Each structure stands twice: as structure tokens, then as C-alpha cells.
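As a starting point, one isolated chain is supplied in C-alpha cells, in the form predicted alone.
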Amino acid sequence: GRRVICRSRPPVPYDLLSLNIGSTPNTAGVPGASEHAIPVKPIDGFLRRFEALQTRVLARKGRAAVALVGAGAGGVELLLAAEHRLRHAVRHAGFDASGLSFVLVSDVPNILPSFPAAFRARFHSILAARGIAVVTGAPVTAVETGRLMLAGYGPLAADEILWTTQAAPARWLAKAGLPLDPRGFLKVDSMLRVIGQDDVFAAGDTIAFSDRELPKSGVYAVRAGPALADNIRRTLTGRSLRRFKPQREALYLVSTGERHAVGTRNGVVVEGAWVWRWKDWIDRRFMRKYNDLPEMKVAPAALPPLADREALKEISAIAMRCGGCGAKVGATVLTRALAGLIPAARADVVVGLDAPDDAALVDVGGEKLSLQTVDYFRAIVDDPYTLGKIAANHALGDVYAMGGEPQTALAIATVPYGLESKVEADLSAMITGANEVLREARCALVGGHSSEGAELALGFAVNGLVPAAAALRKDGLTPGDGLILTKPLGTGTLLAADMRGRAKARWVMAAIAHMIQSNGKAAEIFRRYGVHAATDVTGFGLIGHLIEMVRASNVDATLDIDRVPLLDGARETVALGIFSSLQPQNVRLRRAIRDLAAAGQHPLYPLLFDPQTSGGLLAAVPLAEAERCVAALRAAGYAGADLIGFVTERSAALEPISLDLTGQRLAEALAGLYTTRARPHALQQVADITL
């Protein structure tokens, strides 16, 4: 045992397990509730669901009946907030808010059943004053489109239904073989250990104590957190555990949706604007603990006995070096290191070290050329399975960028020193994740090499096939092409912020979702729209890879900076001055940008140099086809895809790239108005730029 069985990934082994999975509103026991009601939990998706509800209400011009099922503190507070928000939105849209109606539905005889009578009475008055109807003692027997079926009451019309009924445990707990109370919640002891399981802990709404029933309230869950963390540390270090003692009476402060709140503790009820300010202060103080994290302290790197000032400056940054493609050697250093290298001359090498393309092309004697590429980097996520998926997608990107189909892959894996069982688990998860991606791409994993090392790392040598006439080169940019980027930028800054504890979880999860998205479908779509050239945007950033293309094609390019898609959170982390450790080397490429003084003032300018891991494709298609191509990409799941620029003939300017800071030039190009005539004698070619 000691494995967590997952629905969509391999089992996760553990030595110590903590189950803190919360609860959900109980929709399973009411026919139609799961299909027609909007549950409040899981809370991370509720805001999106509520915004959709508001959009539907506005589409009906404010004529809507809203019902909320569940009359506990959370339900009452939510309905009052929803009433306040929706009436304001309807009035702001210019509609009559009197077309809105609200009703609170409960299966018990009174609202707020566990609270003092004075507290309940105050909220009855508030609900009545706000025009919110209350139906009690009427269990919901079914939910249908546009109505609730209530026992002893009949049907109740409801265009929108919010669901905050009594908490229910996760259904999978019943299959886990763990001790549960009669309602299905995990039974734990006073040390927050699951009964009879020394290696399994739990806290929050998912637990039940045998000697005392606690309300499913965040008040108790929050207070259990420090005790849980302490007991996990004590278990790992062999110390005795401490008891968790929940408070006897909790303080409840319930907002009315306006700057007003009612509070109670120990039977005392208070009310007013000052109570709301008190609640707001408590809530914001709590959230600051998660948002305003202290800067991570980095241990100074060990210094060699002989080190000059420049060396010391470089070494000081090593401890926070990024992984992924942020761990690449910079383009300038790489160019200089390979400048004097003379590979063996072979007639069958069509594209080799002398070209800037994403993969080598080798003539193996058939109708198709062989594509050969390799990628390898240190881990950027803690989960080996996810690392495997990211690394495989990243390696396949070179093949797709050159118009090929993947054929075979060899893995190069490094796993940290450790117990055999841990090494085996990490290696297995990593390769399993990678193989899922490779199988989907019809790329056979045919072998590889593994070694022990200080950090988890993974890469692949990938072979592909491409018809000679269909191979895409970076020298294919043509004046009149539009430049399309398929994925948003920002993985470099977001992952660097995550290392420092400054990135929100939803930002990092969204970035990971983009990194595990294949570029395969995008490559197919580009072929349908007459692609002339492509590359995958990775470690050298958007500017670095675009420079390779304009140099090889002897053209100029204009980027509309405000149309460059960005990952959520990237603006915020760049504004905080958080960059990948590869960023300074990428910024050296700024000499290729025209009117640099003006361009550098744009707040999004640094993101043009942000190193990407498993980034999108940057492709050139005829401008006349660009908008249709973008629409096809978005329909295929590349939601961030956009037309970000266009290609013109080579000008006399030294710098081949210009930034359109207003969007006007791209608009004119789409209208067929923008042209750039090359002067008879260019003063300088792009190849002469000193990088």
C-alpha cells in the first residue's frame, strides 16, 4: 500500500499522508441538483460560475428569479451578497432592478438553526427589508430546469439556483478503507490522526471527532492548520504529538452584502458598520498571510578561493538559478562557444550546426528527411509525472516547428540520490508522464540513459520525419506575412516568482496547463493556412527566437506589443521585478530593437525576453490568412493564440525589429496600407548586429 490512487495519473506513493480535502454541498442526494444548481464549493471555481450567472441575468435584462438552497450562515451571507451585487449590476447596465427576485430555501423550520434566537431574528428583519423571501421547512425533492420541487410546498420558480446545503464528504472516501463516521467523514483522534492509521492525518471539514461534533466551518479548519503542521513535523522527527483543542465557542461575523455586519459569540449579538469593519480587518489580515509572503532567504553560495569581482557577482545569483528552459546557456555565450567549431563535413547533412533551425535535417535516402533534436533541463515542478509531460512536450516542439512528425525518442534522465524505492518511484512517474505525451504524438520511446545527480532533470533526443519540400526553415519569413504566437508568454517570470513564494497558485497551475499542451495541432493548422516559417519559443524568449528568423530571412518584423498574449500573473510578477535567471542574458538581444528608448518604457517590454519552457509556436502565414488562422487555433484549444505582428522587406535600419506601441501599424497592415520599401543599399544587415 501507501499509495494514493488517482483518476488521471499514476498512483502517488507516500510515507506520510495528510488529507485536507474539505467538503462539498450535498447535491448527490437530490435529483437534478448536480445538473441545474450552482454549488458554492469547490470555492476556486465559484467566482467563474457566479460571473456566468450574472451574465445570464443581464442577458435577460434583469428579469430573473434567484433561489439559494441552504440557510446556514454561509447561505444567508452569500444570498445577501448576491442580491446586492446583482441589483447593482442590473442598474449599472441600465435595466430595472425590480425585475429581480430572491428567495432563501431551507429544509429545517428556521434559518440559522445553530445560532442564538436574537441573531436569527435580526437576519429575518434584514432579509425582509431587502425583499428576500424565505421558505423554511421545505426540503428540496428535485431540481428541474427553471424550478425547485419542494416537499409540502410545491414547485418554486427559479431561473438561477445557488446551493449551500449541509456539507457532504468526498464520495471516494467510502472506497478508501479508512474509518468513517455515520455521515461519511473521516474519524480522527485528538492529534488529527485518522483512527488506526499512524501514517495518515486529516483536518478541516473532512474530519469528525468521536467525542465532539464540530460545525463544518472555516473557523475550526484554520485553527487546526498549525496543529496539523506541527504534528506532521513531530512524526517525521520522532517526537511525541500534541493535542488539538478546538475552541468552545467561535466568533461569527456575517456580512449583509453591504458595509454592515452582524456578529455573535457566547450568545451576545452585535451589529453595525463597525462590525463590518472589524470583519473586513480580520479577513484581510488572514489573506495577507497567504498573499504577502516573506521573501525567501537564499543561503550564500560557497565561493572559490580565487574569484574576482565579476565572478563574485555572478556566483551570488547561482543559488536561485531557474530550471526548465530558464536553465539554458544564454544565446550570446552559446554563439561564442560554438563560433570556432568545425563539424565533420557530410553531404547527407542538409541542416546542421551552421544553421539557426530548431532541429538538424539529415538525408537518409528516402522520400523524407530525418529530423534530429535534443532538449534537457532541470526540474521546474516538484511532481515528477508533470515534469515528464512538460519535458516531452518541450522536446517535441522542435519537430513540430519544422513541419515534421515525431518518430522516436530517447530519454535522458537524472534522479537525485536516495533510497532505491524513492529513486524508482520518481523515475517511474517521470517516464510515465513523458510516455503519455509521446504516445499521443505517435512517437515511440525506444530507449535512453539514466544517472544519479543532485537534482531531478529530464530530456529527450527526438527523431522525426518530414518531406523535403515541406520542411520549415527559419529563413522562410516573407514580406507580407503575419506573425502568430500560439501560447501566452510568462513561464520564466512566473516560475521564478514561484521559487520565491511570490506567485499565486492559480497562476502557476495555469502556466503548467499551457506547458503540457501539445504544439501538434497548431502545426497542422499552420500547414492549412500556408505557413512559410516557424519556430518554438523557448529559452531565448520571443525576441531571441524572432531575431534568429529575421536574420536568416533578411527581413524586418514589427511586433504589436499589446497583442502579445501573456499568462495570468506575468504582468504582476514582472512589475515586482521578478525575472528568470536567464533574463539578463536574453536582454542583451535588445540591440535588435529599433527606437529602444521608447520601446523600453513599455511595462510589458521585459516579457519579450522572458525564457519559455514548452512555449508556443511562432509562425508566419500570409497576412490575408492570419485572422482566419488565429480563429482556427482558438477553436482547437489555443485560447491565447493571436496575431502579434507582421513581416516587411529589409530596411536600411540597423535594427530589424520594431515595436508597434499603439497597434496602429498592425491595423494598417491588415488593411493593406502599410508598406516598407527597402533602400537600394542597406546600411547594415541583421547578421552584423553585435549580440
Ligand SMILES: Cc1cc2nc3c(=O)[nH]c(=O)nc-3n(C[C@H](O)[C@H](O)[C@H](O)COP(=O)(O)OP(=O)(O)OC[C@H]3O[C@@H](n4cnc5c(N)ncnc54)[C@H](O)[C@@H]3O)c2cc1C
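Numbering starts at 1 and follows the sequence shown. Here the structure is a predicted model, which means the values were calculated and not measured. Basically, rigid core = biggest C-alpha set you can superpose within 1.5 Å across the two forms.
There is another form of the same protein, the form predicted together with the ligand; it is not shown, and what comes next is about it.
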Gly569 within 4.5 Å of the ligand in the predicted bound form, heavy atoms: no
Please check if Lys41 has a heavy atom lying within 4.5 Å of any heavy atom of the ligand in the predicted bound form. yes
Quick one: is Ala401 in contact with the ligand in the predicted bound form, heavy atoms, 4.5 Å cut-off? no
Would Tyr290 sit within 4.5 Å of the ligand in the predicted bound form, counting heavy atoms only? no
Picking from Ile111, Ala221, Ala168, Ile431, the single residue whose non-hydrogen atoms come within 4.5 angstroms of the ligand in the predicted bound form is Ala221
Students should find that, of Thr478, Ser217, Thr335, Thr141, the residue having a non-hydrogen atom no more than 4.5 angstroms from the ligand in the predicted bound form is Ser217
Exactly one stretch in 488-496, 531-539, 99-107, 201-209 has heavy atoms within 4.5 Å of the ligand in the predicted bound form; which is it? 201-209
Each of Tyr376, Gly397 and Gly453 near the ligand in the predicted bound form, meaning some heavy atom within 4.5 Å? no
Residues within stretch 14-48 having a non-hydrogen atom within 4.5 Å of the ligand in the predicted bound form: Asn20, Ile21, Gly22, Ser23, Val40, Lys41
Does Ile38 shift between the shown form and the other one by 2 angstroms or more at the C-alpha, the core having been superposed? yes
Core-aligned CA displacement of Pro656 at least 2 Å between the shown form and the other one: no
Quick check: Ala534 between the shown form and the other one - does its CA shift reach 2 Å or more after fitting the rigid core? no
